[in-house]
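Encoded as structure tokens, the following chain is the form predicted on its own, with no partner shown.
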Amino acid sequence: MSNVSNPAPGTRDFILDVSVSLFAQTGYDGVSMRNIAKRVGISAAALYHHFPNKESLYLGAMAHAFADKARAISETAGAGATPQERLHGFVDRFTALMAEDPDFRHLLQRELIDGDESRLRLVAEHVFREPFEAISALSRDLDPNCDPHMLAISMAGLILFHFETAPVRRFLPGVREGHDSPAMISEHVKRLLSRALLLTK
């Protein structure tokens, strides 16, 4: 899950890797700096040398978990000759990224459930702003008459909701083998969005 291959124990990247996993499992309030230091294998004092408080560590963990995704989303949302090609590139890449990293999805779900306004503001401003601006720009190019904020949220939400509902979807009528496949989810979302955007023009 790390942005670095097998970071050395005790390094900043290793601390962030461990923190992402712990925060994803138990949420912000369920993890203490002492817990993290113990899991990392360093003293609490050494952990505070890297991060002055839990909030800074949490924000660092969120940014660490999303850094590779933010770059990929920004690149694919802006790459391609036509808005349709950019849409397909974004959906393919975002779906693959979400499928590859359950810790990040759980971290995001926990943050939304906790609803702490100060943390949500920090995460929005320091972690999600750049890729969201890229998706909003794509939205404007796809449909100049749309509300780009709403369309950007809808595009990301269509993908995320498939993963968030996976545990219950397998018990619902009509479920088929392959419905959890990133490729199938991506093709479905691309078809749905392409048809919807065509109908609104």
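Residue positions are given as counts along the sequence shown, with the first one as 1. In this text the structure is predicted, and so the values were computed from the model without any measurement.
Omitted here: the form predicted together with the DNA. The next part is about that form.
Considering the DNA in the predicted complex, the lone stretch of 31-39, 166-174, 128-136, 153-161 in range is 31-39 [heavy atom distance within 4.5 Å]. Although the partner is absent here, H50 is a contact residue: one of its heavy atoms lies within 4.5 angstroms of the DNA in the predicted complex.
Residue contact check for T26: none of its heavy atoms lie within 4.5 Å of the DNA in the predicted complex. K54 belongs to the set of residues with a heavy atom inside 4.5 Å of the DNA in the predicted complex.
Although the partner is absent here, A67 sits far enough away that none of its heavy atoms falls within 4.5 Å of the DNA in the predicted complex. Here's the thing about V168 and T26: their CA atoms end up at least 3 Å closer in the predicted complex than they are in this form. Pairwise change in the predicted complex: L172 and T26 C-alpha atoms lie closer than in the shown form, at least 3 Å.
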